[in-house]
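As structure tokens, the next two blocks hold two forms of the same chain, structure 1 and structure 2.
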Structure 1
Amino acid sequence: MTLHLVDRAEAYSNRTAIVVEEGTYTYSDLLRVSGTVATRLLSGRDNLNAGRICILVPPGWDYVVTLWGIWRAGGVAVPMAISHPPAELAYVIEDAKPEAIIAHPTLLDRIGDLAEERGLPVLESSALSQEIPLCEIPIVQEERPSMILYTSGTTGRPKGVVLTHKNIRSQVESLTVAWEWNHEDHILLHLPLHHVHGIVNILLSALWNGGTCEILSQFNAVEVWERLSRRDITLYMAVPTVYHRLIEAWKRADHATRTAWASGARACRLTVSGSAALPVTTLELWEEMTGQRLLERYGMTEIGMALSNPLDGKRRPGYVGNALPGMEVRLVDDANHLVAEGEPGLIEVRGPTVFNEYWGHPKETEAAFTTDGWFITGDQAVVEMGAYRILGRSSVDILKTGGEKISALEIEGVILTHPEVRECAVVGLPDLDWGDRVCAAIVSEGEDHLLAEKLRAFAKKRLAPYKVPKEILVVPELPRNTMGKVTKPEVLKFFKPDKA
């Protein structure tokens, strides 16, 4: 039996699968061209036998058929970020040890020297799609590895998360049930395709269900609004930064344009935010503009999605709901004992979506799991009124100051309610007196040089004294990774360390 994803595509053969700027492609096109890619990759072999192949291809038709072609040939796809500099690409290549690299013609100059230095062949994605007689496509078991995704991590170099075909299938099936995906769904995709969010939550969820995935080569706020205004997009998923930019574009538009844009977003049956904490102000503004209350969920590369607010039902700001279908989630203390409702704890997850291993890191893999198979996420949360609220990363967003554990995300949420603050990142700097000195980096809506002083007074009225930032800096912008998430180790560099 072939992969279930492929089997299902055959049932939707005449339906539209992918829409891109250069054209529209059916599921039949997807099967035919990915079969061609697989044939060329096999080049006379029976099976790639889990050989790794790096992908440096922008979001689009070439990317989709390349990914499917690697899978159908029995290979393991290693998507790379097209925005990464050569040094970052070199790290992935060295770590993954691929047998080849597939690159888009526009990106050959980015990868050519790196590949030549390592004696690796570079295959052009467009050439792989040129039709030839198809060979017999091998049977690929779902227990086999399908993809290695590199996590950004909070410390150390990124690690490759190995996902099997069964992991991916389980992730998609869980989201299908929870968010009621169906073959009539039409989703817009502009997120990077080297992360779970874009690959699984959007692209593969649409293709698993016979829906349509419309791919934009890059994000442009006005272009997204204009596309939504046609009122045929049923789902939209993005990160908080994107929603903020959409809101800013909406504010700059005239009344007639705003009305058309908001009407288009209102026509969606679901809009989702994830990959970073969603500011309450963003959620409220989006709902005020579009009538859509964003659905927040929680997941990570190693587990896919684990928690989600309900499709139907109350979605409380700052909460991420409950365990998705097929998933087990629990909170434990430092001794790995279950905590009571209302008490903070470390999130642990178990289920068929959870990855098997970090590529080439057996010790880190072993340390990531409990003896009874729970994955240790490193994130802290609390269950309140039956729903999970994420407190943040144990190593980054959970600070200990003056003997008190506090959430950086909580402080950020308060500061972001100030009308003159556009963005905020709270970090803890090592301090001889406090343990962690609470510091906040602010991006201002204006140019008020007194903003830091005003914010400190503002925070004192809304936070316990030990939660008020000792330092507040106004900066031009916050450092971000390729998914738009603020990188807090970089934020720390804004502040001077404590003197011994």
Structure 2
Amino acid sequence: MTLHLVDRAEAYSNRTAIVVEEGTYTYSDLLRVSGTVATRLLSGRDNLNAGRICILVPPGWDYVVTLWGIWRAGGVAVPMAISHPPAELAYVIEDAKPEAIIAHPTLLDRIGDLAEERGLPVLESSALSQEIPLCEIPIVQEERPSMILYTSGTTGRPKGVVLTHKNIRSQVESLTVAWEWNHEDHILLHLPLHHVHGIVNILLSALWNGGTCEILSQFNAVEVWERLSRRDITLYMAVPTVYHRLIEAWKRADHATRTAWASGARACRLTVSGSAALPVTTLELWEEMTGQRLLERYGMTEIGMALSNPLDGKRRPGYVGNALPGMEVRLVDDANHLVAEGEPGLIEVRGPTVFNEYWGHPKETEAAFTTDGWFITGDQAVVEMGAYRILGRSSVDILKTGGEKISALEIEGVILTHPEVRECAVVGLPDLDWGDRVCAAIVSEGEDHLLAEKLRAFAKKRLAPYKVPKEILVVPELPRNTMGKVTKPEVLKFFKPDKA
């Protein structure tokens, strides 16, 4: 059997699959060009046999056919973040151990040296889709791994989450039932394509259902509003920071513009928020402007989506609803006993969408599951009046900024390698725009009054842009408890709360 996603595309033949600035592509185009990519990747072999291939391609047509091409050739896709500096890309390459890297022509500079040092071939995405006679496309079992997505853990560097084709199919099927995806749907996509939010909830859900996914290469609030105002987008999904930015742009617009924009959003059948806690004020303002009550849902790279407010029925502000179709969700205490309704507990999840392993980390994989197979999310919640409310992470060292999960310890580790830094504590300051605003308090070895600025430049070279602290303060000493451990709630007090 071939992949269900591909089988289904055969039936959608002349429907529009992808819209990008350069043009419009049908499902037949998608099948033909991804077949070409698969043929070129195989170059005479029968099957890539789960060989990893890194993708460094911006959101667009090339990205979609590259992803499908790798899958159809029997490979495992490792989408990399196009915003990452070479140091972060090098980490992913070292960890995933790919057989090749597919890069967009505009990103070759970023990856060229890294690949050469490791003797890895770099294939240009545009060259891979130059049509040639197709070879026989292999049969790919659904139990096979399909992609590895990198996500921050509590301890240090990011880990690769291995998702099988079956995991992805289960994720898409669950969302299809819950949110009634269908072939009339037309969704706008501007989220990065190295996370489940953009890849599964938006791109693959649209393609599974014969809908249309319209891709903007990056987020721009005015562009999104303008596009919505054409009133043919049926679904819109984003992280809370994006909704906050849309609201701020709307406030700056004149009356006629506001009316046109709002009428576009009003025409959607559903607008969804997730990946981080949605502030109730954002939900209320969005509803006031557009008449749309945002549907908030909760998910994670390791599990896809687990909890969702209902499509029909009451969506309570501040709550994320209940288990999605096919998912089991429970709350437990420290001894792994179920907690009663109204009591806070740790969220555990089980179901066909849940990943099997962290790539190359069997110990971490084992520690992430209970003996009876529940995935331990590390998030806390409470059930009140029959719906889940997320309370936050169990660890103060995992932060969410603009929907990106980051480890405070990873950032501290990098800053501490600077010779002028003696101590460092990274915290997330609550912020209406970013969710957590990343801030660092440091104790300096010397008296350099330019150290904070130097450190930002130092961090920028080594870390993804969203991990670079927005504010760095030099302090005389870090607050500690009686055991000598830095107390992060005390560190937070160094910084001024929410600028919004």
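Quick caveat: nothing in here was measured; it's all calculated off a predicted structure. When a residue number appears, read it as a position in the sequence of structure 1, where counting begins at 1. Whichever C-alpha set is largest while still superposing within 1.5 Å between the two forms counts as the rigid core.
Source of structure 2: the form predicted in complex with malonyl-coenzyme A.
Each of Pro325, Ala267, Ser395, Ser170 but one sits over 12 positions from any hinge; the one at the hinge between the rigid parts between structure 1 and structure 2 is Ser395. Treated as two rigid bodies, the chain between structure 1 and structure 2 differs by a rotation of the smaller body against the larger of 148 degrees. On a core-based overlay, Leu492 has a Cα shift of 5.6 Å between structure 1 and structure 2.
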